[in-house]
Each structure stands twice: as structure tokens, then as C-alpha cells.
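What follows is a single chain, given as C-alpha cells, in the form predicted alone.
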Amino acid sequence: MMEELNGRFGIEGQVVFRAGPSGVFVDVENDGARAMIALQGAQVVDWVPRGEAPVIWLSRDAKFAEGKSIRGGAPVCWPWFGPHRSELSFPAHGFARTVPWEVIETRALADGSTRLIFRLKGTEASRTQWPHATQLENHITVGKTLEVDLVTRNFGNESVTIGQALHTYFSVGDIRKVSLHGLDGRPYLDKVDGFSRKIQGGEVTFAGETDRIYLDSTGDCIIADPVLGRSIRIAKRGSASTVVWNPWDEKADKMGDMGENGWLEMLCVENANAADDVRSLAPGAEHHLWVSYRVE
């Protein structure tokens, strides 16, 4: 399998496929950055721009197993976000992050970056949970900037409604000293406080468990990190909701795969279609959830 993948999609000096603990992994390296992507979930698990510290956080205790989500990286939540609205037995955040994807294309771009396109294959179980004629692709461009474009196409004869998110874990020096800019004045649903609706005042700071869905949020967010001496700019299109999450110490200890004090070193800023921002796709329509990350 590795020989076939490398023969069809490998790029000398840039893209190599290899076997890993939960299936196939793709190592990408170019003049702008290096990255690692798991074929299960088409999930970026590492991205390091040249001359920078790692930007994407991956738990030291992450479990790599077939059919299990990986703690860290940039998991794809699709075709629903959070619990399923009617079937509580269905997996939270959908199934896209735990099922196999196939490689459609790899390409070296003129600007020195590398583009990889993956398509969801799914399983018998996932097709039972989502019996709709939709296609999901993940277009990942690795370079000094990391771009991810989730493309959903509706090939059916009826409209479908999707919820989704890129559940990206960012590496930070100390969450207690980090601030998140770009959400001032935005309303949000506070899951820690029974989903009560509140308004953000100023930048977001962190002193305890945080789990919020910011609404009407379409602009850039910036993670300001004084410990690592950097800012991470998060831009997006096709999304009007932003999820901000850190489990803090007690909940992290109960999760079993966050690693010792891992919560101190991560912040999830998730560009999403969640809450009242779910999207309806008419027959023949497609939706792009596009994001970019850049160190400044």
C-alpha cells in the first residue's frame, strides 16, 4: 500500500507516505514548513513553519488507534457538531475524524507550498448514520501559512443540513497568560454556565474551564502568546461561529489522554458552523469552510 501511495502521490523531497500506529500518515516538507497528516480523519497532527516552534498541539498521551479520535491536531467535526440532535448513540462531533479517507491529489505549488486533497470514504456505520448523497473533501495547503478547506457537496435530490468545525488545538506557552483577540462584542453561548447567552467584553482571557460558541463571528482571531513571544492569526470564510475551548485541570485529568498538564499548553479555537450557524445545502450546492493559520 505504501509503495502504491508513494508511487501515485509521493513528491520527491516534499510528500512521503508511511505506516503509522493508526494507519497511514503523510509527511510533508517544503521551504515554508513541515507537517504531518493522518489519513484517518484527514487530520493535520503537526505543522511547524520554518524558524518557528510547533503551532499545532498534539498530546503526549494521544492514543493512535483505528476508529478512535486523536487528542490534538486539527480534527474534522462533520456532519454535525456536538451531540447528534436526535440520536444520542451517534458519536459526538460526527464520524469524519475517525473514518478512513482517500488521497485524491498532491501537488507542489508555484509559491513553494504543497497541496493535498483527501476525500471521505466512510464506513457502513457512517453511511447508516448519514444516509445522504453528500461528498466531503479536505483540501490542505502546507507552507508558511497552513490552509484547510472543507468542501461539502450535495449530490442528492433533497436539501441537507450540516454542522461542522475544524477542532484545531493550538500550542501555547501557558494558557493562563494567553489572550484571544477578535471576539470583542460578540454574543456567545457559555456551555460551562448552562449554555447561557452572554456578550464578550474585550479580549478573551483564561482562568478556568472555557467552552463557548461565539456567534456572528466572521472576522480574524489572534492568539497573543507572551510566553512563546508570538501571535497566531486565524482567518476564515464560510463560518459565522467560533468555538473556544480549554478543559482546565480537573476535566483534563479525567479525560485520560491530555497528558500531564497538557491543558496548560493548548487552546482550541474552532472555526465552525455550529448552533444557529448550521448550513443548509440545496441539491447540487456546495459549501466551503475555509481557514488559514499564520504566525506573526
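These numbers were taken from a predicted model, which means no experiment stands behind them. The numbering used is simple: start at 1 and walk along the sequence shown.
FYI, the form predicted together with 6-O-phosphono-beta-D-tagatofuranose isn't displayed, but the following is about it.
Against 6-O-phosphono-beta-D-tagatofuranose in the predicted complex, the set R71, R97 and W245 is in full contact: each member has a heavy atom within 4.5 Å. Stretch-level contact analysis of 118-126, 179-187, 103-111, 161-169 against 6-O-phosphono-beta-D-tagatofuranose in the predicted complex, using heavy atoms and a 4.5 Å limit, identifies 161-169. At least one heavy atom of D211 is located within 4.5 Å of 6-O-phosphono-beta-D-tagatofuranose in the predicted complex. 6-O-phosphono-beta-D-tagatofuranose in the predicted complex is not approached by W78, whose heavy atoms all lie more than 4.5 angstroms from it. In the predicted complex, 6-O-phosphono-beta-D-tagatofuranose sits within 4.5 Å of a heavy atom belonging to K191. Taking a 4.5 Å heavy atom cutoff to 6-O-phosphono-beta-D-tagatofuranose in the predicted complex, the contacting residues in 87-107 are A92, H93, R97.
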